[in-house]
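Take a look at this one chain, the form predicted on its own, written out in structure tokens.
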Amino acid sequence: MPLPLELAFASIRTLGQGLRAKQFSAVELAAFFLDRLEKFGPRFNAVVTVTRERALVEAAQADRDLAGGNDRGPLHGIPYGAKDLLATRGIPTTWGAAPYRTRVIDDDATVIRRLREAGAVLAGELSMVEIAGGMGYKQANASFNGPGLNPWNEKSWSGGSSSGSGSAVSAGLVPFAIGSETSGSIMTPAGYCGVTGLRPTYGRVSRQGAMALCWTMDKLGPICRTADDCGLVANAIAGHDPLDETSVSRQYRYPPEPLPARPFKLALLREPARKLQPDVQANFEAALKVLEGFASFGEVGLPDFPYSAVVGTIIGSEMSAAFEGMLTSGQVWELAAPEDRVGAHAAMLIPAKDYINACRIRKLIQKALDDKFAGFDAVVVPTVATVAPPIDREFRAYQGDFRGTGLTVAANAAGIPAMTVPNGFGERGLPTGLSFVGRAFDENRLITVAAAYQEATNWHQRHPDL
């Protein structure tokens, strides 16, 4: 019997309950999502490789394990997609870039291995902006398989650089996906596509086997339907890895420990100069009204630091070191976006003193933000200042004078966690997002606050009609 369509947009817990109640098998569930990936993935330029053979083998093993009483936990038998910068044994890992479109890394990244050990089923390698956007792209057509398209409006972008991860979860092609963020690449596609994303603290999740764009800022995290789903995935992938010297030894466990009695204490930013699209502003204000039902509010200001210059200098310096070979070999000229073919050359000329000073300032940023955010469960901001831009316009041309709070750049400089949830719709029927930003290693606190918001609203239950 065909599986009901509503399973395409079900939470991980709902799918797990169906598996354990024998409403369907893991093989049937995998086949359901594999069919959706093959049917709709090309429509949104969301998938590079559908891993049907591997998925069915892993799903069959999940069924045997369940039948034998070996339940591996909430992700057992749940299909997922991985951003195509995570190495997967025997499958091309392209990094979204034409020079690597047939390259196979004969290994599994630690995150892929941990998800397999948790019983999850790899259904596909998902599209991304070439080299995770590190070359300085300015428009949506920056991947060898075309611009990521938004399931809510196919003439609009799905966001970057985890473009396929955002659109695949939004369109119900996989129950969850793994994305990466250096400076916005989980939060932006999740926000643009109307789904939920978690950017963990730097070092919380191993990057072994993941493409390095910026060694001291890259982070891997889940894009899901709900905050609870993000916690379940984080529980499987977080933790120290001896193969990644930057991974922290601090233990992570979800479900979270109980938080202090409500109301939560949330903070708003003092930043009167920001300018949001009218619908983004209206949806943010409406979300604050919901949050007032279970939270009190304070106010904090962002300390005065050159956040964009610090982040730009660090990313440019480390990216040019990581991809020097691409530049010197001439492979850079095979990239899709014209600006990506030349953007890295300027980064090669960043003086060492500028990089060292940026790293020194980053330590000051980390201390200052931690001090400012102390005493709050989260800082609440709009995820992005506008809805997703049209695919035929440069980002800045569409964004115009609209500007966000600057907290995304500042928080990535500090390596602190954040979560975005959908909070309404705006121009052209596109989703808007609400973000919760916290102190280092406070992922569970953010998940709990976000889950409380989702209990009080139903934006996360909306999905595009394909």
Partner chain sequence: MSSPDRLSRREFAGRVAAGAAPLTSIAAFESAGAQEKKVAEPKPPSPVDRQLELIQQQYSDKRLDAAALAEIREDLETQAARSLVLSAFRLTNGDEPGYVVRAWRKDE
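Positions refer to the first chain, counted from 1. Here the structure is a predicted model, which is why all the values come from computation and not from measurement.
Keep in mind that the form predicted together with the partner chain is not shown, yet the notes after this line are about it.
J.: Where does the partner chain sit in the predicted bound form: which of 111 to 119, 169 to 177, 299 to 307, 259 to 267, heavy atoms within 4.5 Å?
T.: The contacting stretch here is 299 to 307.
J.: Going by heavy atom distances of 4.5 angstroms or less, which of 430, 31, 409, 440 would be at the interface with the partner chain in the predicted bound form?
T.: Exactly one listed residue reaches within 4.5 Å, namely 409.
J.: Quick one: from 350, 212, 105, 290, grab the residue that has a heavy atom within 4.5 Å of the partner chain in the predicted bound form.
T.: Among 350, 212, 105, 290, a heavy atom within 4.5 Å of the partner chain in the predicted bound form occurs only for 350.
J.: Would residue 355 count as a contact of the partner chain in the predicted bound form, using a 4.5 angstroms cut-off between non-hydrogen atoms?
T.: Output for residue 355 is yes: heavy atoms within 4.5 Å of the partner chain.
J.: Does residue 343 reach the partner chain in the predicted bound form, with heavy atoms at most 4.5 Å apart?
T.: Because a heavy atom of residue 343 falls inside 4.5 Å of the partner chain in the predicted bound form, the answer is yes.
J.: Applying a 4.5 Å heavy atom distance criterion, does residue 88 contact the partner chain in the predicted bound form?
T.: So residue 88 does not count as contacting the partner chain.
J.: Might residue 49 be said to contact the partner chain in the predicted bound form, defining contact as any heavy atom within 4.5 Å?
T.: Residue 49: no contact with the partner chain in the predicted bound form.
J.: Give, in sequence order, every residue of 362 to 383 that has a heavy atom within 4.5 Å of the partner chain in the predicted bound form, or say none if there are no such residues.
T.: Stretch hits, in order: 363, 364.
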